[in-house]
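In the block that follows, a single chain appears as structure tokens, in the form predicted alone.
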Amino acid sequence: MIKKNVRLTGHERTFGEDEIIVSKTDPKGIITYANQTFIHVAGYTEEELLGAPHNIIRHPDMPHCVFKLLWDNISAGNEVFAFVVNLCKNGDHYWVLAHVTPSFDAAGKITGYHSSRRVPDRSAVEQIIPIYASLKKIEDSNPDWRAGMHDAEGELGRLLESVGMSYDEFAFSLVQCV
């Protein structure tokens, strides 16, 4: 059985720049495939991951509005790139630059999602941490989590509008600053 309340350790794990964390889910986000890198870094067994919701690795510091942006894009049939901090089974965490794409059947219906996650550039992570912290603070300041997420989503939209970029473009601009 998987723990619901994991105690955060504050310890960051990493993985090789030549490694890719791969997972696949059904349309509802239930994990249907996890490669060995995912299993090793997240600290779960394959049996624990398969059939579990992908949010099993959701770190509490991740703003809900970023996941909403991600889900809005992929459920509309688009790919998305996002910086994500994930939670390991033991409470450690790890940052990734995730590339999530929908999978389609022959009729064009979404049958699931494929996520490939790489080690992000550290300077990009250092730039995204305060942005996510600010968004999370906005979310947490409202007792209604949906209203807080809506407020943070508005702030994220204003940020992206101020730099004239989509979230994907913004993410890549951080990587290109290296």
Partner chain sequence: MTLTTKQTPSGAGSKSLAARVQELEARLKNYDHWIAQATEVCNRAAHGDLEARLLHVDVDGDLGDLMFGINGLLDYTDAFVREAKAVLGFTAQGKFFRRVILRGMVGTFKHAAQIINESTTEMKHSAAELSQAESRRLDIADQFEATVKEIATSVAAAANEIHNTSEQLALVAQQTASQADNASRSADRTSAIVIQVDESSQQLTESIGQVKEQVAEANEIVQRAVIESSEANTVVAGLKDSSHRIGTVVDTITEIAKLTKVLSLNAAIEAARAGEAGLGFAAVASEVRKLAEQTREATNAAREEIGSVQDSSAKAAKAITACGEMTLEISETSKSIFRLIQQQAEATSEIRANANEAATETAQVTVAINQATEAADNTRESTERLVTAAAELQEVSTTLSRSVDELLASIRKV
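Positions refer to the first chain, counted from 1. All values derive from a computational prediction rather than experimental measurement.
Note that the form predicted together with the partner chain isn't included here; everything after this is about it.
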{"property": "Triple contact flag Glu19, Arg118 and Asp121 to the partner chain in the predicted complex, non-hydrogen atom at 4.5 angstroms", "result": "yes"}
{"property": "Contact test in the predicted complex: Glu12 vs the partner chain, heavy atoms, 4.5 Å", "result": "no"}
{"property": "Exercise: Cys88 in contact with the partner chain in the predicted complex, heavy atom 4.5 Å", "result": "no"}
{"property": "Contact test in the predicted complex: Leu97 vs the partner chain, heavy atoms, 4.5 Å", "result": "yes"}
{"property": "Touches the partner chain in the predicted complex: Trp145 (any heavy atom, 4.5 Å)", "result": "no"}
{"property": "Ser141, Asn35, Gln127, Ser134 - the one with a heavy atom within 4.5 Å of the partner chain in the predicted complex", "result": "Asn35"}
{"property": "Stretch 78 to 103 - residues with a heavy atom within 4.5 Å of the partner chain in the predicted complex", "result": "Glu79, Phe81, Leu97, His99, Thr101, Pro102, Ser103"}
